[in-house]
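This document starts with two versions of one protein chain, written out as structure tokens and named structure 1 and structure 2.
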Structure 1
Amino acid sequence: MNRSVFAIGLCVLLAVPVASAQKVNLRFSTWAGGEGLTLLQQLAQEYNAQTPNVGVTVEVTPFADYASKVAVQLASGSGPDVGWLAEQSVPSFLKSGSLKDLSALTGDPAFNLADFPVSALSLWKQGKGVYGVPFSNSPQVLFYNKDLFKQAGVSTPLQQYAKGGWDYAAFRSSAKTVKDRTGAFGARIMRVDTKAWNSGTLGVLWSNGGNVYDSNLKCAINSPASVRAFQLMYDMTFGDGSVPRPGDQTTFQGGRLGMYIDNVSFSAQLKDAAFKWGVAPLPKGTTGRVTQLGQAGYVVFARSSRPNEAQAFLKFLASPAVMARTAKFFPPPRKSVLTSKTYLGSNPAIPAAELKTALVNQLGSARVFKTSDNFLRANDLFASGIERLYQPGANIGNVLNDICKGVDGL
């Protein structure tokens, strides 16, 4: 045999195992912060140790900008392989074909997709396909600063709830008293960034008969009930001065905010808080006590160059064993985890009784925010309109009418 030909053939043979052993680098996208982010980073390291040929880089984008940034990355071909997706973004990502079908997991007995309630998976299904696996099924709760309530001489939200008097009138009164007696703001309803305006706001709207969309996904944020709900929030801001005005960066973790509405995962950002805090159910409105069910899921993005490896990492994250660990921050949709004896004691910062009252007992009346498939564009109109609304002298009805004209015109 020709020696040069033999040498070339030998090099080719030797190259095969080298190429197959090349390390795969996956990009995992999230909006997590605090201890929740630390846990995700730790899980990525553990997965790399178990699967040496796969490395995972965790990338963080603030929640308010998350969906739009990931959509731009995907459109330009520079998107992540796997990551988080919030319920309000699912319709638009499905319409654009941005998500990989994960139906293969339905036939995997080890993964046990049947452990997820049908209601928890409904948002992530389209036709016969499954395009995401939820990891968090979390009704929003009310965080409150125990020190400020004690200083103000006001019963805490949890104490008022126990006596059956925790409604939005009590919420407003408590916030004003905290403001008047301590100088700190009594409450913040929505997040600092108006792009995330619906967080907190939806609980007030729904509990008082309002809504953002009607059953036909037509804009309903200008309905009479919605106007009344926004009037309450407006009056707390400009009448009572108990809620920060737009642009004010006061945060709950800073210790100068009496109450704040968020998902229980926010507790991860209170690890080093210099004050005592607790959680309680949201107040009751004219139509009941309704809170937003913040559902988020793991997805594999369709344009990933490593879809099989990305799906394997998703399977690891959504496994019963790992979900039992992430349950500390993200209330698990897996029935086997949610009903386990250890779940209520999974978050050492929140007593089991408080977690059961504020979160588990509210699941029955919680709602998922159902949006249209053009919500990424519509949200820009909602956010800009909300900024106009929260200005001195704003005509709430007119502003909300303008928002609906723009949203319905998309």
Structure 2
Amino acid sequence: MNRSVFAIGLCVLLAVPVASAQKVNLRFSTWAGGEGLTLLQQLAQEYNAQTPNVGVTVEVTPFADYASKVAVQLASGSGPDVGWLAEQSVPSFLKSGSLKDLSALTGDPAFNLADFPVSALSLWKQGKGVYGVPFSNSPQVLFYNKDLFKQAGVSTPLQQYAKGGWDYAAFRSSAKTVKDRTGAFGARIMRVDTKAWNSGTLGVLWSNGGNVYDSNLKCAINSPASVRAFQLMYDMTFGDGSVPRPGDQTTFQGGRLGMYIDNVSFSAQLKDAAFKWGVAPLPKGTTGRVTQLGQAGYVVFARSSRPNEAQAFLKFLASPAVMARTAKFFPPPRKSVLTSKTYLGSNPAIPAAELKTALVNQLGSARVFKTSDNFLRANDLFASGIERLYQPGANIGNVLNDICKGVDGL
């Protein structure tokens, strides 16, 4: 009697998963936050509404640890089916065969692969295969706090740009004036985490003739022009006190930072900002106005047990209609979307004219950070060297020489 009750119970328990197995559940991995994440969750729901047998769970891993956590998930057999991947992680994921070839999808005329610039796709191609579809082609721009500039009585970066005077001297003096007159920091160039030192720093280096690697991928962060660029950032930090020191947790969202260099998608985190802000191009240096181009794409992971459903969801995300919606936060690689009027007016927080000036006009001179295949190790040396560089009384030339000795010795 008892045994039969148990048996029936067991059957019921076993039958539940069998019944729900009719429905496919995909796991989508992303590092999105704020409104960008909300949009992705909404897209997942819409996809479920139009293909009821496929449910999509959106999983978030913060950007700093994204690649390593996803790699661990994949290795342990509990990886996501489909998700985002940033440009710096693409070579290692390709090398290990972790990405599914999507050429069956991208070869479809309806997908219109020609809508993507060749330069935007090169990273994702290997042999005849296409292993990812970029959704974000994003030059770094300068966010500025309009309220602080107004309070300090300085014309905004965009106004100074319009007059043609927006160079690094103007950047430095604006930051110092904001600092002196409001008490808030004038500018943050690097992100809070020194591991992400290249964000912001690269624009300053490249625009002033400096570099991290030369054309043979040999370390060049100790070249005379690089040293001058670091000297400028160092002097703003320790001389003017207008740039926060390493360890300082002040963020732009908090309203106590005049200027901040980041990708356009950062605007998704400014929804609740209690101040007015705008975007402008980076300042001009001795060798031009060069900004870093970041890329992120959709991929299907090779170990997915539902590769076809995952690819179909990727097709939905990368379609012109959906890309026009994600474009609100992520500058779209599809030319048809980028040049459309609806795109430039899609981000209610940034006026079309500002977006055009800051972003579309900068795309031509934006540069992708090309790194060597040992970059994970090299980046650790760069980051730890930069921590030694931003110390009171540091000898910048010596520290940068040490970094290059380590990086070239790898």
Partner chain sequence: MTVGARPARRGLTRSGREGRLGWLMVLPYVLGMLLLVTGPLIAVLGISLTQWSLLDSPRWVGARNYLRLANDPAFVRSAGVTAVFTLGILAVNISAALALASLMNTRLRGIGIFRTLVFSPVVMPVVAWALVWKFLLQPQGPVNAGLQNLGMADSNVLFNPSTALWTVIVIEVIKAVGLNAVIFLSALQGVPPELHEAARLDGATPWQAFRRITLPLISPTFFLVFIITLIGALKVFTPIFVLTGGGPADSTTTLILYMFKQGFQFFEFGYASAVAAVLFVLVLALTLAQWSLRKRLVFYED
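Start at 1 and count along the sequence of structure 1; that gives the residue numbers used here. C-alpha atoms forming the largest set that superposes within 1.5 Å between two forms make up the rigid core. None of the values given here were measured: they were computed from a predicted structure.
Matching the description of the form predicted on its own is structure 1; structure 2 comes from elsewhere. Once both forms are fitted on their core, a CA shift of 2 Å or more is seen for Leu74 between structures 1 and 2. With the core held fixed, the Cα of Arg188 is displaced between structures 1 and 2 by less than 2 Å.
Once you line up the core between structures 1 and 2, the Cα of Pro91 ends up 2 Å or more from where it was.
On rigid-core superposition between structures 1 and 2, the C-alpha of Pro52 is found to move 4.5 angstrom. For Ser29, the Cα deviation between structures 1 and 2 after core superposition amounts to 3.0 Å.
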